[in-house]
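Shown next as structure tokens: one chain only, the form predicted on its own.
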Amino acid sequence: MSALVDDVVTALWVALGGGVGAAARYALDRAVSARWRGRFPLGTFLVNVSGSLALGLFTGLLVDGSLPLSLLGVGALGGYTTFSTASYDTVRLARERHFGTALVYGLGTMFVTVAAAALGLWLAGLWPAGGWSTVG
């Protein structure tokens, strides 16, 4: 029974984190869209790159399966990043015959977000051992 309660509590924390992350994504995307007039979906691109960097950092710093990683990684950053919107924007750009922008955006999102996540993991490795451990 205790494991079930723990799972429900974790699910509620993940849901809370997802809501906070989605609100942060919306706020950043709106702020960028208010200033950016180009075809390139800069707001979504920045959201996915910054979310990938943060996820790499948290994954490197926090213990797998810990509540902070579930709340921040799965919940908040899962709600914050939006690769489905990136996919939709890539297809939309191609359908509007902006093939170059679609290609740069689609491939750029794939490569830059993976590089950002790797950078986050690398930065986490610079942290002193045991600095953010939540176990023991």
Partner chain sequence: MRFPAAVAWVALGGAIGTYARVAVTEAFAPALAVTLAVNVLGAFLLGALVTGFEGGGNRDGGRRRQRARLLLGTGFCGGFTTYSLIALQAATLARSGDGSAALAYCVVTLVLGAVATALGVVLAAWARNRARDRAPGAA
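Residue numbers count along the first chain shown, from 1. Keep in mind the model is a prediction, meaning the values are calculated, not measured.
Here the subject shifts to the form predicted together with the partner chain, a form of this protein not shown in this document.
A residue is said to contact a partner when one of its heavy atoms sits within 4.5 Å of a partner heavy atom; residue 93 fails this definition for the partner chain in the predicted bound form, lying far away.
In the predicted bound form, residue 88 approaches the partner chain with a heavy atom inside 4.5 Å. Residue 82 belongs to the set of residues with a heavy atom inside 4.5 Å of the partner chain in the predicted bound form. Looking at residue 127, you'd find every heavy atom of it more than 4.5 angstroms from the partner chain in the predicted bound form. Shown without its partner, the chain has 11, 14, 15, 18, 19, 22, 23, 25, 26, 27, 30 in segment 10-44 as residues with a non-hydrogen atom within 4.5 angstroms of the partner chain in the predicted bound form.
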